[in-house]
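Let's start with one chain on its own, the form predicted alone, as structure tokens.
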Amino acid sequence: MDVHPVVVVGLGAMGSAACASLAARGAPVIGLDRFSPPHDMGSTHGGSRVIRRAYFEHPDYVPLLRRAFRGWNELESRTGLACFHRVGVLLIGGAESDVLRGSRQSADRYDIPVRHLDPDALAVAFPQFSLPETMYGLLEPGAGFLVPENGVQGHLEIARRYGADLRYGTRVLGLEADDQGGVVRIENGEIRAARIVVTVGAWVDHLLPSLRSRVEFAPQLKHIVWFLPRDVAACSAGRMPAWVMDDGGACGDGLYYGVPAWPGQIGPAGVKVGFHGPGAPVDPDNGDRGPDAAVVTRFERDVHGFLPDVLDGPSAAATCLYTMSPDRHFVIDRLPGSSAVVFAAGFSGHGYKFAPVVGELLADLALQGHSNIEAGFLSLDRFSAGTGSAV
């Protein structure tokens, strides 16, 4: 049986970007997905994802974000697809907000243009929000949101241009590998490969069970809800930026975020709202994936509390999957004991924006065994010997 140079399993955000990077370098690559991407069965759908550089999660992400910004610009120019809408991102929080403090730290360290808004300036600049007088803002004008469906489509288009063999509707049943290569088992046979890249999101434990001895990933079901604008102008791109709300826990353990209505919107119309925080555990192959009416009702109550006069009630709702790592940071590495396998997992609800640079990293690891891109803080080693995390 022939041995293929590289097989990529999973063609969502990271797998499609990895295929594009590998194929563009001249590597013969086979890409496999059990569905037909872009699709709504995993984490890469919903019409929009917030992208920003003043990153409160950790300043070490900022160099990766700079590279990702360039990658999105390049993808747009090469495909003509609108992937990146620069509507700005507004972060809102109290004086002690970890979100604002972390974002300021990243902005200061890397000289990211931002605008600081005291409570009076915040109320004047964005009157559609009804906020306590103790709330401050940080606006990053060069940030905005991405269209995930277009991003996946664009990366797969680039991969095809360079000869990638993309096989949809192909379910991977398992794989075996060592340091020299491996075998990917599919429903109607198997594929031998010198290198295997695994980017399967919530299915990572199913496909790479040996990882559980080092780190456990937790798939969670998350809701997204769309609200039709009562005041169309106030809720549209140009007047409303994408936003993230740190209310100090008033609405629960997490952060509400939103994306304005925009021309040519993919998916339901209106303002999209999500909640970035702990979700309900879910088996991606079993259970009800439909929206929970009680959760949608909670969204309506909470969102109307800080956007009281510009939105009507919920018009649509959907769910997607988070795959949480223990420390909520990504894991990108080679599989212990099977270095022919490279994987990326645990993006914990904030990974999509990094897809172009993650694709580069995965291609580097698959073809060279290492990368010159500084991302060691995302390696599996941080979970060794009970250290928890080095991030």
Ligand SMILES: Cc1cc2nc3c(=O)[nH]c(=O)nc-3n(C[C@H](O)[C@H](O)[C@H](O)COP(=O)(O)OP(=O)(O)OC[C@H]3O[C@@H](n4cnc5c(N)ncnc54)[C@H](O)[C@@H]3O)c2cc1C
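Just count from 1 along the sequence shown to find any residue number. Small disclaimer: the values here were computed from a predicted structure and weren't measured.
Same protein, other form: the form predicted in complex with the ligand, not shown, and the subject of what follows.
- Shown here without its partner, the chain carries W203, L207 and H350, all of which come within 4.5 Å of the ligand in the predicted bound form through at least one heavy atom.
- The contact with the ligand in the predicted bound form, taken as any heavy atom within 4.5 Å, belongs to V172 out of L255, V172, L117, A107.
- Site annotation in the predicted bound form: the residue of V50, V62, I30, A340 reaching within 4.5 Å of the ligand with a heavy atom is V50.
- Just one listed stretch, out of 117-125, 303-311, 91-99, 222-230, contacts the ligand in the predicted bound form at the 4.5 Å heavy atom level, and that stretch is 222-230.
- Contact annotation: C320 falls within 4.5 Å of the ligand in the predicted bound form, judged by heavy atom distances.
- Not displayed here, the ligand is kept clear of A20 by more than 4.5 Å at the level of heavy atoms in the predicted bound form.
- At a distance threshold of 4.5 angstroms between non-hydrogen atoms, V9 is in contact with the ligand in the predicted bound form.
- Heavy atoms of G42 reach within 4.5 Å of the ligand in the predicted bound form, making it an interface residue.
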